[in-house]
Structure formats: structure tokens, C-alpha cells
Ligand code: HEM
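Quick setup: one chain, the form predicted on its own, written in C-alpha cells, and binding and motion questions come after.
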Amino acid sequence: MDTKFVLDLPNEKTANFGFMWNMLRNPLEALTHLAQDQGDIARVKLRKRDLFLLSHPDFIEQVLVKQQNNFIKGQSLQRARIILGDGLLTSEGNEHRAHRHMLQPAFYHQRVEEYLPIMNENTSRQMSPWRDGASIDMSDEMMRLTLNIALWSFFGNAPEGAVERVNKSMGTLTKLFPLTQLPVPDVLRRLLPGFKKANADLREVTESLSKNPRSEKAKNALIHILKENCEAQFTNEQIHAHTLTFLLAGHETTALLLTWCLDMLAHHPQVQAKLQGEVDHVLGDRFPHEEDLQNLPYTRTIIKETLRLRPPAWAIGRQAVQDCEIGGQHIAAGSTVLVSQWVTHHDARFYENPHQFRPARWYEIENIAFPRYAYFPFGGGNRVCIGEHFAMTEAMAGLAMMSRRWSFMPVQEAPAKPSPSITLRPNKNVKLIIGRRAV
């Protein structure tokens, strides 16, 4: 597999200023052009430190897996501690390993199977007010759906008003996120308009969730692990941080995935028709069971293709702890290293017609020697997303149930454009016309 190397620093200082300007204006385009211009190891001088963009699967594997102990979270997530505290997304080293080990049982395959009825019930409830021919805001619908699933699955209850408060706070924090990345002390970032109110609302919600209600569902929920099994190992602040992390990260990325899926299906009716044929055959007129999900291969390819084309997590930043070498390139301690799902997932070396939505490509990929890290929507290594199986199960069940009952037609001529922030969101809410299926 060919690789392209440009290992010398560019001489023009204006090139680096131009890159930073482009990153502020359109980071997806900026990273894509950087990889095209400089190759699989791109290098930009930022003040006294280097930034490397590594785009080849072999180099991505070095960062995420083979040399993972030499890389810590990048500055972007380190600054996110002001919102998330020291949860799984932001903690490092021994603390991260210990906490992940204690929380992992909540995401074992057997436990996720127990969450499936909750996913089914909430999806059915979310669809119940839909009416034939209506225009539905799928961005809002999917956020509400996945947030309710997260509340009931992870915490065993959904306090009154929690969905509205979390949605409103998430909207505020998403708008404020670029400002939270400014290199200023946390005390100044906390003074940003709206930040204090959004943080206070989220803390109140997480405190109500951590009271650990005595419901049957709570006995198997993540909050039971936090409060009962491991209370001696977690401080109150750590319980709050983990609760907030799973509340936010546990619903938003799957909501975006489902929104992108439905938008793609609405604009690709042949794909939608094939999906509906599969779910009609497998499910009939009932909720999906765990074994059903294994018999929906085309449904899975649609989700995989959406994750390739519109990855909710569009880039991963790391910082080198010690000097190292990747692909013949010396990377000094303190350097920032980026690997971008967006860039690699759209690379024509690995995907024919990479900008085309074509789920069937995944049948073809099964029969070729395909690089492992040409596709990494959930990251990799010891920091691979702990909720990967949960998210895939939720997306599979939700997409199957919605497609069984409804057809989706576009309001806009073209699919929504991606808008990168904390995650890869549509540039505007996705609204689709729904039609009740005669099944």
C-alpha cells in the first residue's frame, strides 16, 4: 500500500498561520488538505511545538495501540475537564485503567442484551406520536430517544424534566465549546455567559441520578456500580464526573449516528427499500431480540457506512509524553498528534468513491486485505469507546424498528452538511417527511 511522506518542515510561516485560520473556519477541509499536501505524516509548527496529522492506518495503529502508553489525551480534552471533570474521557494512566476496569461490567455483552428491551420500549414510545405525512425534526427526536435510553439503561430512571434540561445544557455547552478551548485559565472560562447555568443544571441532574433509586432497573444499571459496588473507590466528584460523561457521551454520538442514518436513507430510496425488506423478513411484527440483530447484515452495513461517511467522533488528539518515532518521523515529547476518522475514512486508497454512500461496499471489504485502522469510528487500543457494543446495539435496534413502521423522505434536496464541533453534527437540524408503511 503506497504511502506519501513529506518529513521536512515547511519554510513559510504563513502556511502555518493559514492552516490555523482554516482550522477555525472549516477543520474538516483543513485536515483533508493538509493530508493531501503533505502526505501520511503531515507536520505543522505551532508556536514552539509541532502538530502531526497521521493518516495512514499503520501510523494510526502506532498512536492508538502499539505506542499508546506514550500518548495522553490532547489539550482539547484536557481543557474539557472544566465540563466533564475527571471521567473516563479525560482521566489518564493508572486512574483511567482502574476506573475503566470497575465500570466495564456495565458494558459486557450479556449486560447490553439486558438493555435491549429498554431500547425497544423507548423507541416505540418515541414513535407513537408520529403521524403519516408529518415533517419530523429527526435531530431533536433522536436526541430525546437516545437520552431517554441512556437515563433508563445507565441510571434506572428518568427524573422529570431531565431530558429538557440536559438538551438545553448540551446546546449551550456545544456553542461554548470553541471558547473553552482558548488557552486561558479555567477561572476565566467559567465566566463565559451561560456556562455557569449550563454546568449547574447538569450537576443538578447528575445528583438526582446518583441517588440510586430502588427500582428493579436500577439494580442492573451503571449507577449501581458507581454507588454500591465501588463507592469506596470513587469520590463524590468522580461519581459526578462518570455520571456526566456517560449521560452526555452515552447518548449524543448515537443520536447523531441515527440522525445521519435516517438522512442518508431518505436521500437513497433504493438503500431504504432494501433495508425495509430485510427487517420485514426478520422481525415480522415484533420487537427485535438479540439473535435478530445477528440476522440483519444489511442493517449493520448501513450503520457502518454512516459511521464511515459521517463519523460522530471526527478526530482524536494525543500528546506525546516522550520522544518517539512513527513511520521514520521523529516526534518530540510534548508534540500534538492528530488522527482523523474524517480524513482516513474518506481516503480513496481504502474506499472506492469515498464520498458516495454505498453500504454494499462492506460486503466487498470482507473479501480483501483491509487495513484494521482504515476504519476506526470508536477509536482503538485501551481507550477504545467502552460503549461501542451498546451504541451498535442501540443503533441497530432503533433503525430496524423505525424502518419497519415508517418510510423517510427528504425535505431538502441534498443531505445535511457536516458541521464539526465537539462531535460531527449536521449544519442544521435534519427534518424528514415520514410515511406510514402498510405492513
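In case it trips you up, residue 1 is the first one in the sequence shown, and so on. Bear in mind the structure is a predicted one, so any value in this text is a computation, not a measurement.
Not on display, but discussed next: the form predicted together with this ligand.
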item: Partner proximity in the predicted complex: F390 to this ligand, non-hydrogen atom cutoff 4.5 Å; value: yes
item: Close approach of P377 to this ligand in the predicted complex, 4.5 Å, heavy atom; value: yes
item: Contact label in the predicted complex: L257 to this ligand, heavy atom within 4.5 Å; value: yes
item: This ligand contact at R383 in the predicted complex, heavy atom, 4.5 Å; value: yes
item: Contacting member of I316, A266, L275, V343, with respect to this ligand in the predicted complex [4.5 Å, heavy atom]; value: I316
item: Residue among P288, G156, P359, P312 with a heavy atom within 4.5 Å of this ligand in the predicted complex; value: P312
item: Interface stretch in the predicted complex with this ligand - options 409 to 417, 390 to 398, 24 to 32, 43 to 51, non-hydrogen atom within 4.5 Å; value: 390 to 398
